[in-house]
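Presented below, as structure tokens, is a lone chain in the form predicted on its own.
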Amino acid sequence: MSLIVQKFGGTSVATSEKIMAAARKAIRAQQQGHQVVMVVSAMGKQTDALVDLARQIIDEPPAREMDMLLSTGEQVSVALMAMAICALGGKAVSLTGAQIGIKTDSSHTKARIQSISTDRMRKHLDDGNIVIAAGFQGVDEEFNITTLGRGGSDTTAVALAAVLRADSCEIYTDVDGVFTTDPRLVPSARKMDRVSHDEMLELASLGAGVMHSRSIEFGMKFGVPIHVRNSASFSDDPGTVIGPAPESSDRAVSGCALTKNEARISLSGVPDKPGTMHRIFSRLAKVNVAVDMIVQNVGAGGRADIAFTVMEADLQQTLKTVGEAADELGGEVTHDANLSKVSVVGLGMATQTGVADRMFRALADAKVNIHAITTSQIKISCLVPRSVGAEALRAVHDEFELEKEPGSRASFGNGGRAAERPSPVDVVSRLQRMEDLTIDDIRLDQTQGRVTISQLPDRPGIAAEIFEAVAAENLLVDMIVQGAGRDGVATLSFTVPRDSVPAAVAVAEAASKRLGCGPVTSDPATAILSVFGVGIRTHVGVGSRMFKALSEAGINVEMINTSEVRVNVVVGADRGEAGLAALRTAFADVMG
């Protein structure tokens, strides 16, 4: 018998009428021959009300007690849902995370799942019950109640689908599916029929609120097909399917997103030598701050500038921690809390050129100034003033015509299910410590060279002019890193194939002359070390471990850029093999 996991978010169970409607969907699925597990969130704004109530008592509630409090919201919902199913003539049993056997670590308010027992759920399902599981919660080794963080019911649902080998995981919410961007900000945004796990992971981490990013990590790791549907719809419209393939094979960009509340911390004039990055980011890992964009450009005169972003809520803790590191290293710490990040995402970027220059031109035409740039194989992110964030999002959405249906479609196969799912034996072995860091690969690329332009004026259109000139010469660009420098000027570096370095230097020098900046420097041969793994950004110790390994090997990091699934560092060409060996040793215990 097939098995379906259905997840209903807070807005989908906000009233007794909505609870009854959700119960009917579950009963209908059971009547169609499926075993059904429902994952339910707290009703409506109940979690917010509980948070507010706690803060009326104490300004900074203890994390353990917050978990105890917030978990009650889901307990109310599962009991009511079981009652609704019984009222409709069905058979149901409600279970808390602890009763199911969802074991987590002890990181209160943001715990990670370590294992899930299926015995109790299987027994209830075999007895003809619809199992109603409380989302968002589990229990640690000391039987303390833990919660998975806001949006964690998505993670519960996909995790249960993984351990139960469910045929599908249906996420019912108050929207019709996954859109090319936030339709509240861009009215022309279009619902996608499907989106790849890779793209959705980037979009979720960038602020697309439909799905919790950790739930997409599970989907990628365990091959879980995820269907996002509107709970108010009575049709069988699948909404959007999240799986292994993109919506279209001919589009470089599938979607775009705006992360509204970014804060940037800059360290100017720190020593440009091995160990500097480790001393900074190991401190941040210890206080559990998740770093987003990391921008380090090529140093000069033995000093380097490093910038990175965090969510604005983490700014004060970050400033305190980074200030301690700066006291040891020297250098100046500055910050800007009035920033947003606009990003474009698409699997097609890996094989198609011209995305960067089009994005930069769209922002320039909208008179949006770019404060920092990072790229990955399937994403380009630009840090922009928060006051023009929505305008920037609309500009890039229009540029790539995302409101239009794709012209051709990739073959998805298997009715929207993942083409390959891990075998039962693989799943059992991998489900132990489910959310622990898993590194899929570590690679060395020795085919690239670097070009750097210094003293760039800080005004709209600069990046567009440079990369339009690069595109005109048909030069293939890999990494792009731009960070805010000192005194109102910036440094921009990019990598190209080694045999293209002379042509890229000529383009950069011509652009530098027109713009009145420079000098232009280059390295005809660099080494790019890349660490790949699902959810690298959410595991705060990855960067620290990388930088420690390279530091202990006496290897200096020249450039960095990051994404959800990859961290790239540029080192000297003669240190590439040594760096590869150091990283493989450092991550040997978590290699998949």
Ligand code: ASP
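Don't overthink the numbering: it's just position in the shown sequence, from 1. Not measured: the values here are computed from a predicted model.
One more form of this protein should be noted, the form predicted together with aspartic acid, which is absent from this view; the next part is about it.
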Quiz item: 42, 550, 560, 26: which sits within 4.5 Å of aspartic acid in the predicted complex by any heavy atom?
Solution: 42
Quiz item: Which pick from 374, 296, 153, 104 sits with a heavy atom within 4.5 Å of aspartic acid in the predicted complex?
Solution: 153
Quiz item: Using a 4.5 Å heavy atom cut-off, which stretch among 145-153, 317-325, 85-93, 489-497 contacts aspartic acid in the predicted complex?
Solution: 145-153
Exercise. Please check if residue 467 has a heavy atom lying within 4.5 Å of any heavy atom of aspartic acid in the predicted complex.
Key: no
Quiz item: Is residue 136 close to aspartic acid in the predicted complex, meaning a heavy atom pair under 4.5 Å apart or at it?
Solution: yes
Practice problem: Answer for residue 47 alone: is it within 4.5 Å of aspartic acid in the predicted complex, judged on heavy atom distances? | Solution: yes
Exercise. Heavy atoms within 4.5 Å of aspartic acid in the predicted complex is the criterion; list the residues of 51-83 that meet it.
Key: 74
